[in-house]
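Single chain ahead, written as structure tokens, the form predicted alone.
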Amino acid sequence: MEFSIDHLGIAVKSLAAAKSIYEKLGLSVSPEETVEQEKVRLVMVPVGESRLELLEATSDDSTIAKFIAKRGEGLHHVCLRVPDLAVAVAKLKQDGVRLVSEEIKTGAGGYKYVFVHPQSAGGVLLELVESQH
């Protein structure tokens, strides 16, 4: 399994409003899912071999709410699919890469994930998820 783009995370004020353009284009939109620990509600929109993740805050103190307050709606993060997340995280830590949190968490769809801090990724919030076999 090679690395690939899993999804692009897009911060939105309203899932209902944001997903309508994709539905109008004829794309399928997943049922809404909530990730309590991240204080977000989301849908996934498959596009080719990748997906768009539309993220709506469920709390004013969530990362997504803060992002929208500071920068407005738009691209929040890029997510790469990696063959072995634990190995990737260990290598990054060994190489001094700054992670948002060193804890591997479980999120939407049961995916294991970790975020690389934008200071270590050219100004981009980079999410890594483990390939599901």
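Throughout, rigid core stands for the largest set of C-alpha atoms superposing within 1.5 Å between the two forms. This structure is a prediction, so every number in the text was calculated from the model and none was measured. Heads up: residue numbers just count along the shown sequence, starting at 1.
Although it is not shown, the form predicted in complex with another copy of the chain is what the next lines describe.
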query: Val29, heavy atom within 4.5 angstroms of another copy of the chain in the model of the complex; finding: no
query: Exercise: Asp61 in contact with another copy of the chain in the model of the complex, heavy atom 4.5 Å; finding: no
query: Any non-hydrogen atom of Glu73 within 4.5 angstroms of another copy of the chain in the model of the complex; finding: yes
query: 4.5 Å heavy atom contact, Glu49 and another copy of the chain in the model of the complex; finding: yes
query: Non-hydrogen atom within 4.5 Å of another copy of the chain in the model of the complex for each of Ala16, Met44 and Val129; finding: no
query: Contact residue in the model of the complex, chosen from Ala88, Ala65, Val100, Ile104 - any heavy atom within 4.5 Å of another copy of the chain; finding: Ala88
query: Residues in 88-125 close to another copy of the chain in the model of the complex, defined by a heavy atom within 4.5 Å, in order; finding: Ala88, Lys91, Leu92, Asp95, Val97, Val116, Ser120, Ala121, Gly122, Gly123, Val124
query: Core-superposed C-alpha of Val124 shifting 2 Å or more between this form and the one not shown; finding: yes
query: C-alpha of Val114 off by 2 Å or more between this form and the one not shown on rigid core; finding: yes
